[in-house]
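Given as structure tokens, the chain that follows is alone and in the form predicted on its own.
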């Protein structure tokens, strides 16, 4: 973790305030003054301010049912941020682990633990993401095998990883992928001549969406740990 982030997680200082104090040499890491806010610190380091040992607050892990027309940014940018629905402290420290587009609904995971996020989004960890997809025209059964083999996406040098396609209705499917490329689901269907008209994420790893639209809850300890076994 960066030193400035550690300071923010263990004090009430803002990021700007933390950086000013770091530059002033106010913090010591294992007894040595560190004046670089980007310096990496670890849980087993002794980090002090004016002789007082600092302890970072526990990481937070949330699940939210994202609404249509909201964005996963921490601030409003043309559309309202989904973080507006979180009436909790230090919201600015949180981020979405695997963003959804403004026109996509469903499950998002929110945290302030960057390493946990990396375990979710890294393709080699094989973390499955499950989507319900609405298409502009009727689906063909031969698409199942095409998705299973891997598709060539526009602008990519390698095939997308094999995916599982289940046809639910003439124009509706469930798709399971283990990657998170930019607009991946839409691009996969575009590669086989289909346009996505609705997109909803139902599940990430072992965690399924179980709260009403626009609402959220904290993850259980078992749910948080479930991603450690994905590799």
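Here the structure is a predicted model, which is why all the values come from computation and not from measurement. Residue numbers count along the first chain shown, from 1.
Omitted from view is the form predicted in complex with uracil, to which the following refers.
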Check: uracil isn't shown here, but in the model of the complex, which of 178 to 186, 47 to 55, 28 to 36, 165 to 173 has heavy atoms within 4.5 Å of it?
Finding: 178 to 186
Margin query: Taking uracil as it sits in the model of the complex, is residue 100 near enough to touch it, meaning that at least one heavy atom pair lies within 4.5 angstroms?
Written below: yes
Next item on the list: Spell out, yes or no, whether the shortest heavy atom distance between residue 199 and uracil in the model of the complex is within 4.5 Å.
Entry: yes
Checklist line | Touches uracil in the model of the complex: residue 73 (any heavy atom, 4.5 Å) | finding: no
Check: Should residue 104 be counted as a contact of uracil in the model of the complex, where contact means heavy atoms within 4.5 Å?
Finding: yes
Item checked: Contact residue in the model of the complex, from 131, 83, 147, 116 (heavy atom within 4.5 Å of uracil) -> 131
